[in-house]
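One chain is shown next in structure tokens, namely the form predicted on its own.
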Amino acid sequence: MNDMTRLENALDVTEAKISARGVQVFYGDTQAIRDVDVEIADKTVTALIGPSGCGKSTFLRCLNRMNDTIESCRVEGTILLDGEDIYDRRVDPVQLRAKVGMVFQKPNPFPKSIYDNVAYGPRIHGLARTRAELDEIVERALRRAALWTEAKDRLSEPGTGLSGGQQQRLCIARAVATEPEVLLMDEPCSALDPIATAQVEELIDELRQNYSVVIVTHSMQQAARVSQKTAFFHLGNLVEFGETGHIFTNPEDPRTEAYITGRIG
């Protein structure tokens, strides 16, 4: 089976939330990603794995146009969200990022109260007409991020006063408060201890009931635990994409097998 057929077998166009075709990314003259084709399903966790510098985080940042903020960066190809080109000039990147939320590697709460951290996005996008509506949005987001019980009596306290794991869940609450459709996570557990990591992984499994989740992780064990689909990147190429169980137990490409067994990485 050739590479193209294999990729086509893994891509289910009918249920794609995000469809990427021929995506290439350049930083100045340096090409970071080559010809990436991938379909990301709704209400599914898709893991992007591969060695450091292989292009997985660069590709993730294409999905909500975070690369727009890097002057030397150029993105080519097509990325569709629900069939609409997110790089169309008529698309407002700020509105796009309300639909495609992002959680970063290190917890980065704003220097504001827990309440104001979560309320920030809904206020900017005018999602609440009254304080009562805003209260409801904040509570719903904190509940979705499994933080309501710990935070409900200290909403006026600074978000930076929470533990690392709680701060990361606060950032997840902040991301889901604008009712996004897709949630991007760039190594969300790499700065957390094992207990906090387990809590966030459990949360990711719950979040996929409402969102399409795309997670970059350096941990193959984490990818195996939390995702249904896995994409393996190597040297800027998407080498293999498919069901997580299949990728880890019966990879088609020798490079995937070499990475999973620890021979490259």
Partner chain sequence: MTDRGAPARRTQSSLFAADRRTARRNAVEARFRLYGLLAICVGLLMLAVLVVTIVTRGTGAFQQSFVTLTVELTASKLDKSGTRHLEAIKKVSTFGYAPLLAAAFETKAADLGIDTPLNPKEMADLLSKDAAATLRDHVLAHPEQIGQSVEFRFLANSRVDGYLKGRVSRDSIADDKNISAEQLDFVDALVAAGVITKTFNWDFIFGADASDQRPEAAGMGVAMLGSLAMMLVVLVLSLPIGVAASIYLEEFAPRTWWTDVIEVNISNLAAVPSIVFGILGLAVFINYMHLPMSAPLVGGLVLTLMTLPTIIISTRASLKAVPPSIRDAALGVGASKMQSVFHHVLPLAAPGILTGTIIGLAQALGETAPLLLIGMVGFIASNPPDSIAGALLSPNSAMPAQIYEWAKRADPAFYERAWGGIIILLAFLITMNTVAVILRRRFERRW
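Positions refer to the first chain, counted from 1. As the structure is a prediction and not an experimental result, all values here were calculated from the model.
The same protein also exists as the form predicted together with the partner chain; that form is not shown, yet it is the one meant from here on.
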* Asked: For the chain seen here without its partner, which of 108 to 116, 79 to 87, 147 to 155, 131 to 139 has a heavy atom within 4.5 Å of the partner chain in the predicted bound form?
  -> 108 to 116
* Using heavy atoms only and a 4.5 Å cut-off, determine which of S52, Q221, T69, T30 is in contact with the partner chain in the predicted bound form. => T69
* Structure fact -> Heavy atom within 4.5 Å of the partner chain in the predicted bound form, from candidates R208, R225, H234, R61, belongs to R61
* Just to confirm, R143 within 4.5 Å of the partner chain in the predicted bound form by heavy atoms? -> no
* Asked: So, in the predicted bound form, is G101 in contact with the partner chain at a 4.5 angstroms heavy atom limit?
  -> yes
* To do: Evaluate R74 for contact with the partner chain in the predicted bound form, applying a 4.5 angstroms cut-off between non-hydrogen atoms, and reply yes or no.
  => no
* Asked: Does the partner chain come within 4.5 Å of any heavy atom of R174 in the predicted bound form?
  -> yes
* Asked: Which residues within 123 to 142 place at least one heavy atom within 4.5 Å of the partner chain in the predicted bound form?
  -> I124, H125
